[in-house]
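Form predicted alone, single chain, as C-alpha cells, below.
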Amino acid sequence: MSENRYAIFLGCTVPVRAFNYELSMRRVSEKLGIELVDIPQFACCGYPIEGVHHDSSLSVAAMNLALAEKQGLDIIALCSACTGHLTKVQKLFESEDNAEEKEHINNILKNLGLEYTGKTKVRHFARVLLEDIGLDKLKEAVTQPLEGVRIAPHYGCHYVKPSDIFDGFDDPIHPESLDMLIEATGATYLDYKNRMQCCGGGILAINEETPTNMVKAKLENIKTVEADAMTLICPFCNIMYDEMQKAIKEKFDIDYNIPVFFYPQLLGLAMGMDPKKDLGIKKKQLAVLLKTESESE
C-alpha cells in the first residue's frame, strides 16, 4: 500500500459530534505529509451491530475494507472502536483459516460489485503518528512546545484491546504510546489512579447513572493530580468526559472544569496552528489549558 497515503475512515460519531477532531487531524496530517483520501461510500464500521447480527456486522466492515482495497489504500481511523472492529475483520480475512465464512461474506459483497482479500490494513491515527511519522519528526514539527502544561491521558478500551489483533503495538495493561505522544508536544503526561478505567459510554443508553459515576470518579482522580487538561483519541470517550461534566455539575454541584482535548488538537497547538481556525479549540478551553486570565468564550 502507498506510503503515508491513507483512506480516512471517520465512522459515525466524528462527523456528527466531533468535527474538531476531524479538523485538527486533517490540519496536522497535512503539515506532517500524511495524505488523506476520502471515500464517500464508507459507511458504519459494523461494531454497533456486532452483538445483534453477526453477518451484517462483518459484511459492513468488509465492505469498507474492500472499498479501500479497491483503491490500493490502507485505512487510517479516528475512532478506537472503528479501528478495532475493522482490524478484527481484516485479521479474519488475512488468516488462512475461516475459508467458508470469508467466502460467505464475499458472496454478500458481490451484490455491491466488491470483493475483499485481506490486503488493506487498518490503524488508528495515533499509531500512524508513532510508527510512520515517528517521535523525532513530531518533535521537529513542534514550534511552540507546551512546556509546563500537565496532561492526563485517557486510553479507553478499544485503542489497545483486544491486544492480539494489534500486533503487540502497545501494552494493553500498561500502555505508553499516548504518554509518548503527549511528551512529543513538550507537555508533561500524568499518571493517575485507575487511568485505564472505561468511560462508561458502552452502557450509557442502558443505565445512565453508572457511567455518570464512572466519569465522575475518573475526573476526580485527574483533578487530584492537578492536571491542566485531559487528552484522548476516541470521539465517544470525548462525549463522556467533556459533555458529561455539565451533567455532573448539575447533579453533584461539582465543577471540575477540566478541558478535554483530542490529541491532534494538542499537537496542532504545539505546531503553532491557529487554535480556532485549524483546531476547533474553544477560547475557554485554551484559557484553562494555558492558565491565561480570560476564560470567556
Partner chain sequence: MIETNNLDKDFKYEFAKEHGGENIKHCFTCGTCSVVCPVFDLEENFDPRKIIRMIILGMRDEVLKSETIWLCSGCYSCYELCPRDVKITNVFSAARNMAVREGHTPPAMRTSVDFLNKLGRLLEVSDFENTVREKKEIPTLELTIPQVKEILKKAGIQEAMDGGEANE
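Being a predicted model, the structure only gives us computed values, none of them experimental. Positions refer to the first chain, counted from 1.
What follows is about the form predicted in complex with its partner chain, which we do not show.
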property: Contact residue in the predicted bound form, from 163, 143, 95, 117 (heavy atom within 4.5 Å of its partner chain); result: 163
property: 4.5 Å heavy atom contact, residue 198 and its partner chain in the predicted bound form; result: yes
property: Distance check, residue 257 to its partner chain in the predicted bound form, heavy atom within 4.5 Å; result: no
property: Contact label in the predicted bound form: residue 225 to its partner chain, heavy atom within 4.5 Å; result: no
property: Its partner chain contact at residue 272 in the predicted bound form, heavy atom, 4.5 Å; result: no
property: Location of its partner chain contact in the predicted bound form, chosen stretch of 122-130, 178-186, 145-153, 201-209 [non-hydrogen atom, 4.5 Å]; result: 201-209
property: 245, 249 and 292 all contacting its partner chain in the predicted bound form, non-hydrogen atom within 4.5 Å; result: no
property: Heavy atom within 4.5 Å of its partner chain in the predicted bound form - qualifying residues of 40-60; result: 40, 41, 42, 43, 44, 47, 48, 49, 50, 51, 52, 53, 54, 55, 56, 59, 60
